[in-house]
Each structure stands twice: as structure tokens, then as C-alpha cells.
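Below you'll find only one chain, the form predicted on its own, shown as C-alpha cells.
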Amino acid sequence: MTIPVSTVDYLNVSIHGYACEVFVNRAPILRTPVDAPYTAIPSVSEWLVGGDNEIAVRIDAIAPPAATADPLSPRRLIVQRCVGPLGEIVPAGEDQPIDGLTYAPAPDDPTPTLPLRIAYEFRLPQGPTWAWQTAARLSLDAATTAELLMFLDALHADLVFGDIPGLLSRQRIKFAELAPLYGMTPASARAGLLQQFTELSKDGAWTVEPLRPDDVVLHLCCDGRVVEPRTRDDRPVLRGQAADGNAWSLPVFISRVDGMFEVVR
């Protein structure tokens, strides 16, 4: 009897000469600089849904031709959807794309109006319904913004005071939904993150950057059902320096589920 190998969905991204943002079902996955080649293979299983799906790229800036004249690293924008074995690294060049998008205008094409959005759609078999899919749609009015900032402040306080169990308790949906996707139980996923933060904060020799409300930008995504908080210079709001001197960060995606704000990703 052959036991099927668990797989993970990921993107194979190779971009040079474009400052852009890549989305899966309107959830932001990554951002690229305009002035340097960028490659990444982010997992996206947790943002895919049963039925209709969309992968999109918003181009915000284009480098001049002279900046991408190197024949070994030409101007390019390639985003491929791939599936690979869980827990294994696919060697470079051996990815097995299912579909994807490529933006390759001809040299004599007129410069497009920016921002430019390009996208493609595909369908998947029915699977689990994620909490963020049915979460309340949000509008960032004054009351909602204040409530979100209070929630972020609570997460930040857990980090400042080293209350990692308290921090993890605010991520119950994230663990419940993501752990099975990546071959874990929610308990083992929590234990793994607890161990990571224990190492980061060893001997108390770590720092947590202050949370400044005037530096927080709340990005609505997934048709208003999810909020991604970032700083004005586009960094995660929860971040600092580990005991070993290396930077750490905790990106979070927040939804209102059953009337309460929760970390869903």
C-alpha cells in the first residue's frame, strides 16, 4: 500500500526591475524592490480556498532599462503556482509549476499607467472554509481603528513582558488552521513557536520595538475581512532584536471572528 505524500502549495517568484506586491485571494504575500533582483518561494496553502481563486500582482514602479541591462539578470516578472512535498526543499530549477503569470511587455510597448494590476484565476476542489473567509467585513472608521490598536497593544504587551503563553493564546485560530496544513498538531505548533521565542528572549537579552500608533498603517485585504498592520516604512509592527543580536519580527493578520479580533494568520 502506498501512503500519499503530503504536499504544500507555494509560489515560485522571480522578479527584477519592478516594485510590486503579490497577492493570493487579495492577501498580501510579498513585496519586491525596484532596484534589485528578487526571488522567493512562499507557502500559500493557507490562503487558497475551495472554488475560485486569484493570484495577482500590483506593479507600483518600473526600473529604467539601463538598470536591468545585465543579460544574466534581465527584467522579468514571473509568478508560478507550484505544489511540492511537505517538509522538503525543491532544488532550484526543479519546481513543477501548475500555472502562473508572466509579465513580459515588448521593448517598444508604451509605458503602462501605474499602478498596474495583472491577475489570473483558477479553481480548486472544495476544502475547509477558513475563519477569515467568513469573518466580518471591516471598515477602518475611528472606532474600529481604536479597537484594532488596542488589540495590537495587547499583543505588544505580551511580548514586552515575556508573556509568550498569553501571546500564543491570541493565535488559537492560526494554530488550529495552519498546523494540519504543515503536518503538525495545534499543540506542537504552539510548542514550536514557544521554543523559538524562548530562544529569542534567552536571559532577557532581547528587545521589542515600541508600538507607536502614529506609525501603524492598517491595510485592509481579502475584501475587507482581514487587516495587516505594518509600519509606515513597511515593516511588521511587532519586531525587535533577539538575544543573539539578530532582528526578529512577528507578522500578523487579524480578523473579527464571532465579534472578537483574532490573529488568523
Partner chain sequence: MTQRPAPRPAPRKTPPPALKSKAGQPANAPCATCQKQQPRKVPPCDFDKLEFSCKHCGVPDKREIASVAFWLDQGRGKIMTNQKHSPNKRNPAVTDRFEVIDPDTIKVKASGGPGYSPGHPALTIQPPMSLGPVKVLRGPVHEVAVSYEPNWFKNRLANVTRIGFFAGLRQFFFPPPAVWVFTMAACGARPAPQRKAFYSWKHKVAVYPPDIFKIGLSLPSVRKREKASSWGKEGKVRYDNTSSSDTRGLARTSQSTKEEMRTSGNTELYRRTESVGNKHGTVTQTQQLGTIRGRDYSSDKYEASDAPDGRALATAKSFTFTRNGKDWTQSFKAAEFIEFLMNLRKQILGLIEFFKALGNKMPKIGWTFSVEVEVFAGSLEYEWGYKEWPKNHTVYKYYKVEVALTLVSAKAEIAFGLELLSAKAQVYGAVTGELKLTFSREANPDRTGPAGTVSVPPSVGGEIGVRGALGDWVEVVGKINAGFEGAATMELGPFSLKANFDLAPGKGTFTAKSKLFFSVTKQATLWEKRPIWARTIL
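Residue numbers count along the first chain shown, from 1. Here the structure is a predicted model, which means the values were calculated and not measured.
From this point on, the text means the form predicted together with the partner chain, which you will not see here.
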Review point. Wondering, does Trp130 line up within 4.5 Å of the partner chain in the predicted complex on heavy atoms?
Key: no
**Study point:** Contact label in the predicted complex: Pro125 to the partner chain, heavy atom within 4.5 Å
**Key:** no
Review point. With a 4.5 Å heavy atom cut-off, would you call Pro37 a contact of the partner chain in the predicted complex?
Key: yes
Review point. Can any non-hydrogen atom of Pro91 be found within 4.5 angstroms of the partner chain in the predicted complex?
Key: yes
Study note, to complete from the structure: Within 4.5 Å of the partner chain in the predicted complex, heavy atom basis, the matching stretch of 116 to 124, 159 to 167, 136 to 144, 98 to 106 is 159 to 167
Review point. Taking Val49, Cys222 and Val252 as the candidate spot, are all three within 4.5 angstroms of the partner chain in the predicted complex by heavy atoms?
Key: no
Point to revise | The unique member of Pro42, Pro65, Pro210, Pro213 whose heavy atoms fall within 4.5 Å of the partner chain in the predicted complex | key: Pro42
Point to revise | the partner chain in the predicted complex - contacting residues of 59 to 98, heavy atom within 4.5 Å | key: Asp70, Leu72, Ser73, Arg76, Gly84, Pro85, Leu86, Gly87, Glu88, Ile89, Val90, Pro91, Ala92, Glu94, Asp95
